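Next up is one chain by itself, shown in structure tokens, the form predicted on its own.
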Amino acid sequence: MSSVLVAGAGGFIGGHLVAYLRKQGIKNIRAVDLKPLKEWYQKFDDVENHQLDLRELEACRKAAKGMEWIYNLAADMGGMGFIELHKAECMLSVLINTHLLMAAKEAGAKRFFYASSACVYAADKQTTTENPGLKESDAYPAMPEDGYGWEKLFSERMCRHFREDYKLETRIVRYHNVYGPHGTYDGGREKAPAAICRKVIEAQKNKTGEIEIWGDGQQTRSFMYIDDCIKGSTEIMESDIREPINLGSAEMVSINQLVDIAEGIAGVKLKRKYNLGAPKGVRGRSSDNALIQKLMGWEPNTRLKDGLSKTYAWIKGEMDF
């Protein structure tokens, strides 16, 4: 590849992806995001940076022009607290992927990457904390997360049909709870690892000795460190894998265990207050990695304790504690 567009480059994963591509020696990188440049999590002066609203077709045409490979990481999204309360906003992201696919086709792009989500998986497969891991086939019959999950599943199909009808090579990755430094940790869009780190730091800073946990703390998840996310995303983009594939850790923990790890990193023990009325999502969700192991001989392998230690240190530095 000689030219790469990263849509959503001002966001958490997008910023890390641009940083990685630069290190790989890619010279012609176009970075696009809706946010003003000063609000991007990572911004590089040797990259062509643009503030564009990719819900608009003309903005997508401007972004895609002359680009061979396109990574679509752009979406209006956040953690469970955001997607449960902003379903319409999340679904409007369908405009981004639809218009960007149209622009990619017009521009003669060679490859198109779509960042999907584990939220596409059927709700009846996620009703117990002992989730055995979601297989790619578990997305159908369709019963995804209302709002955000439906948009992701629809956009997956759009990518498939652009490949079949227009010969645009598309790659679709289903992310499972990505976390790490240089991401959102407050404001309502943060995901569980960053939120827990922030709350532990705040409890020490404010000397409350307490932490609020959404739900009963027994709900289970797997969390993937950002380095594994970037490695998997770029290698899948370069591969011949045409069908949607999981990209997530198989290390499943409860939210209580996640808090345990964060407390261990901080060297504190906090009183737990459970908010049973807060958004909490499905009961149990983890990634079945049999397919990625078979096709790539690899799976995300950063231990949660190790990745969370780096994330905690970064958030602590940002909070100037």
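Throughout, we count residues from 1 along the sequence that is shown. Note that this is a predicted model, so its numbers are computed, not measured.
Omitted here: the form predicted together with a small molecule. The next part is about that form.
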Open item on the list: Please tell me whether the candidate spot formed by 199, 225 and 312 is one where all three residues come within 4.5 Å of the small molecule in the model of the complex (heavy atoms).
Closed with: no
Task: residue 131 within 4.5 Å of the small molecule in the model of the complex, heavy atoms - done: no
Open item on the list: I'd like to know whether residue 307 contacts the small molecule in the model of the complex, with contact meaning heavy atoms within 4.5 angstroms.
Closed with: no
Open item on the list: Residue-level question: is residue 195 within 4.5 Å of the small molecule in the model of the complex, judged on heavy atoms?
Closed with: no
TODO: Please run the contact check for residue 55 against the small molecule in the model of the complex: heavy atoms, 4.5 angstroms, yes or no?
DONE: yes
Task: Proximity to the small molecule in the model of the complex (heavy atom, within 4.5 Å), stretch among 35-43, 249-257, 61-69, 267-275 - done: 35-43
Open item on the list: By the heavy atom within 4.5 Å rule, which residue out of 220, 117, 126, 155 makes contact with the small molecule in the model of the complex?
Closed with: 117
